[in-house]
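Here we start with a single chain on its own, the form predicted alone, put down as structure tokens.
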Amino acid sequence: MTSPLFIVIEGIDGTGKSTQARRLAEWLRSQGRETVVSREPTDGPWGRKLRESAATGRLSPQDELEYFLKDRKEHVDTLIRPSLAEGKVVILDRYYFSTMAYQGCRGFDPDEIRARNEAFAPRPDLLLILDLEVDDALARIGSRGDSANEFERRDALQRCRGIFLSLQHEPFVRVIDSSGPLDEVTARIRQTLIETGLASA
């Protein structure tokens, strides 16, 4: 059995997380690594409620936080821990660091949110924060035919970006410049995994 590997891709909306998670998974599979890609909120019952709220109107801050915690506990129990136990690579598009950022913007203490999550949720081996100026991120959201939802207001995204970047000095965190063409960002991510010894060239 190969060694398990847990990678999380974070960043504000519009930084390309979903695309880069998919590309990273394809690259690792080409190296013979069994790889699982997932996202949060999930498609489970709590995750669906959260996704619906982005379009229909946000939940109260307390309810929103509790839904995220319930969704994540289910995710950890049913997919993340079992996959890691089988020696797989798990790549997540968003995790509890997004809760720290987005719910932190609603008045909760990000450090307290982190502590509540890390009581049950495993810390990733590598956290990739895709970083982009907020105006560029909003332009990308618009260019894909979407309008900013309740989680994507400019002032909130600016505060969220600050919370994400506050993590950059931790040893398992790498900030990736996500400006420029997709292929360049993909190359930066691959090089980061090679430099950290988590993948071969």
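None of these values were measured; they are calculated from a predicted model. Just count from 1 along the sequence shown to find any residue number.
Absent from the display: the form predicted together with a small molecule. The rest refers to it.
For K70, no non-hydrogen atom is located within 4.5 Å of the small molecule in the model of the complex, even though that partner is not displayed.
The shortest heavy atom separation between R48 and the small molecule in the model of the complex exceeds 4.5 Å. Although the partner is absent from this view, H75 stays clear of the small molecule in the model of the complex, with no non-hydrogen atom inside 4.5 angstroms. Among heavy atoms of K88, none comes within 4.5 Å of the small molecule in the model of the complex.
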